[in-house]
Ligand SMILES: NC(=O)c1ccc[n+]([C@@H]2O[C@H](COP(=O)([O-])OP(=O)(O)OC[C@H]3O[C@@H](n4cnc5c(N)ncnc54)[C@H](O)[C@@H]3O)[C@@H](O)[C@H]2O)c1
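One chain follows as structure tokens, the form predicted on its own.
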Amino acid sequence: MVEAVQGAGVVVTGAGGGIGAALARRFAAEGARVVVNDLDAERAKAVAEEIGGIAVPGDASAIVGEASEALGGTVDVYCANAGVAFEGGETGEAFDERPWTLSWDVNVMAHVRAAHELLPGWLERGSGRFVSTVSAAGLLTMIGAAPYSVTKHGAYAFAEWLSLTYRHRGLKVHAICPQGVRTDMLAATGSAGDLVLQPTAIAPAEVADALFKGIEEDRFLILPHPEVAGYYQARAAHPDRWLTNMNHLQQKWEASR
């Protein structure tokens, strides 16, 4: 058991399946009281019933108040996990504003809105934990997915900013950055996901395992795929070489379509 989460009030957004459901299950198994959020009310209810949690369906941007009430007035851990991704790498698809708008709202602004509501209470009592499900795309990029890549960079930057700004006031922040995870979202990435992510895809439970190891070690950056650290270093140290290698991958994807 991880002492930091025993008895804690935890909210997990997008927890009707995939990584969110795995996080909800793990927190419950560690003795936390868990609110399961999802836009799909039936899926949220099913996971909540399975783990003995509380279902609070709805838009992840607007459930902090209701979730807090369900937990008796206190949220100790907030997992900003809900996210959206779209397949599309051709010029017209990449610049369609509709997926950009939705991606920005769900992948970034939902995190900002939740933090805005939670921070006053957390700072007053000197403790709180914000968990952001980002993606390795937030450290690197993803071919064929401009809105996803850019907004995941935004999610990572916001988590980083929260940590550097409030860590001396008791806020713990974790940014989870996996590559492929066997979820519905991976299936939605289409042929690009098949090429880049499927070969090393892991189970959602492995992401939860990585998070809990990171909580125990008090680490900000959580890498369920350890090799991402090397890719991130290469990107920073040799950006042109890294971009050339990624472009080769882009060309391989185009040739396979």
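Heads up: residue numbers just count along the shown sequence, starting at 1. This is a predicted model, so every value here is computed, not measured.
Not on display, but discussed next: the form predicted together with the named molecule.
Of the listed positions (Leu140, Val150, Val84, Met109), a single one reaches within 4.5 angstroms of the named molecule by any non-hydrogen atom in the predicted bound form, namely Val84.
Proximity to the named molecule in the predicted bound form, taken as a non-hydrogen atom within 4.5 angstroms, holds for one residue of Leu221, Leu39, Ala29, Ala70, which is Leu39. Note on the interface: of 59-67, 208-216, 45-53, 227-235, the segment with non-hydrogen atoms within 4.5 angstroms of the named molecule in the predicted bound form is 59-67. Contact between Val134 and the named molecule in the predicted bound form is found at the 4.5 Å heavy atom cutoff. Using a 4.5 angstroms limit between non-hydrogen atoms, Ser103 is distant from the named molecule in the predicted bound form. In the predicted bound form, Val10 stays away from the named molecule, with no heavy atom inside 4.5 Å. A residue is said to contact a partner when one of its heavy atoms sits within 4.5 Å of a partner heavy atom; Gly180 meets this definition for the named molecule in the predicted bound form.
Here the marked residues Gly14, Gly17 and Asp184 all reach the named molecule in the predicted bound form, each with a heavy atom within 4.5 angstroms.
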